[in-house]
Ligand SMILES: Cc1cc2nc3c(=O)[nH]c(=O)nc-3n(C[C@H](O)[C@H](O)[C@H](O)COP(=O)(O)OP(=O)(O)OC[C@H]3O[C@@H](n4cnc5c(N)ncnc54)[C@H](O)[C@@H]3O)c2cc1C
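A lone chain, given as structure tokens: the form predicted alone.
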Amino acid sequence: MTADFLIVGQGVAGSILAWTLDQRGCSVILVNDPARPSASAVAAGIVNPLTGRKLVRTWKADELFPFLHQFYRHIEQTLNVRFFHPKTIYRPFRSMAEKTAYESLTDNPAIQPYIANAVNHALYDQFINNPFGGLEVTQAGWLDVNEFIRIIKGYFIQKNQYADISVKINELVFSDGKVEWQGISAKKVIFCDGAQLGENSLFNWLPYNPVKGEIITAVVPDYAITSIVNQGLFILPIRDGLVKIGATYSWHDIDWKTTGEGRTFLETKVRDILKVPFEIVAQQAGIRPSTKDRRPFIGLHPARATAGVFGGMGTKGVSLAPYLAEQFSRHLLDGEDLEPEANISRYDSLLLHDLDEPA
């Protein structure tokens, strides 16, 4: 069997790249190891153009956000499905000082396109502690990540271009202009296997910085807020009376296990925001595929051009991947340049491994 691309990993990044290349007319074989945990399976899938207490605009927000809204809508319309939910993000002020500081920030022309002009605070007052009011961030929303991945998997299964199987690096045979694996001959193999990329001998020279995160799911009876609420943590309504709350950040004890400390932290913090009772019904942990400089890893191996990487997107894969997948596809198919801040060529000097026969 021959293909243009063998894509390893079917989280958010792999799913989006596979779809993008498929839509360009490429033949894509998508494979995923079902035994390996995935950060995508845990991710809340929130897209947010303004982050942090200083309302920092997400990197390349002006390009990313119009593109991602169009990208997800196009798949929904093409396949007659629903998994993307545009929403505002309500950010209640913690104090009058914070209100004054935020309102001064919203005078910035770069910030204004992402701020609602008027907010009905009374809509939130029954459930949310907001004595000083708040602001609403627009162009935000959330992707039902598990549903999205399920749909993309089904799409490639129908095309007989999907397999649940582990790809081991030593099973790949690189030769002139192609890579062979288990009867498949592909022009390129692209690794999209998230936090596991640090274990990949072809790309483990890149400076990964994985971050553990935990979220909880809670029942909040009669919760009527449809927006995402964010004040140091997020409250994401996923269906009537059910919310996800997160997230923690830890650069230590990097594993997939939930902790009592994580649950206590989230439960304590959310009590400062929610006015109403809630009951925790689930807790999850994941490892975010983050990088030292907080920029993605995209590109072809400097010494083996038939192997590539598309990952390292940390907490922002849902926002970053559509735009960057389009750019990567143009690089692969049309020879266009990659975004310098995402191109792995910025770390070529770190490559210390000797490879047998560069492709």
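Quantities reported herein were computed from a predicted structural model and do not represent experimental measurements. Start at 1 with the first residue shown and count on from there.
One more form of this protein should be noted, the form predicted in complex with the ligand, which is absent from this view; the next part is about it.
Trainee: Does residue 92 make contact with the ligand in the predicted complex, using a 4.5 Å heavy atom cut-off?
Mentor: Answer no; every heavy atom of residue 92 is more than 4.5 Å from the ligand in the predicted complex.
Trainee: Residue-level question: is residue 314 within 4.5 Å of the ligand in the predicted complex, judged on heavy atoms?
Mentor: Contact with the ligand, yes.
Trainee: Is there a non-hydrogen atom of residue 137 within 4.5 angstroms of a non-hydrogen atom of the ligand in the predicted complex?
Mentor: Close contact is absent here: in the predicted complex, residue 137 is far from the ligand, nothing within 4.5 Å, heavy atoms only.
Trainee: Using heavy atoms and a 4.5 Å limit, would one call residue 37 a contact residue for the ligand in the predicted complex?
Mentor: Judged by the heavy-atom cut-off of 4.5 Å, residue 37 is in contact with the ligand in the predicted complex.
Trainee: Considering the ligand in the predicted complex, find the one stretch among 315 to 323, 329 to 337, 296 to 304, 52 to 60 with heavy atoms no farther than 4.5 Å from it.
Mentor: Going by heavy atoms within 4.5 Å, the stretch is 315 to 323.
Trainee: The ligand isn't shown here, but in the predicted complex which of 273, 247, 115, 75 has a heavy atom within 4.5 Å of it?
Mentor: Spelling it out, the residue with a heavy atom inside the cut-off is 247.
Trainee: Since exactly one of 210, 237, 262, 286 fits, which has a heavy atom within 4.5 Å of the ligand in the predicted complex?
Mentor: Exactly one residue meets the criterion: 286.
Trainee: Quick one: which residues from 152 to 183 get a non-hydrogen atom within 4.5 Å of the ligand in the predicted complex?
Mentor: 165, 166, 167, in sequence order.
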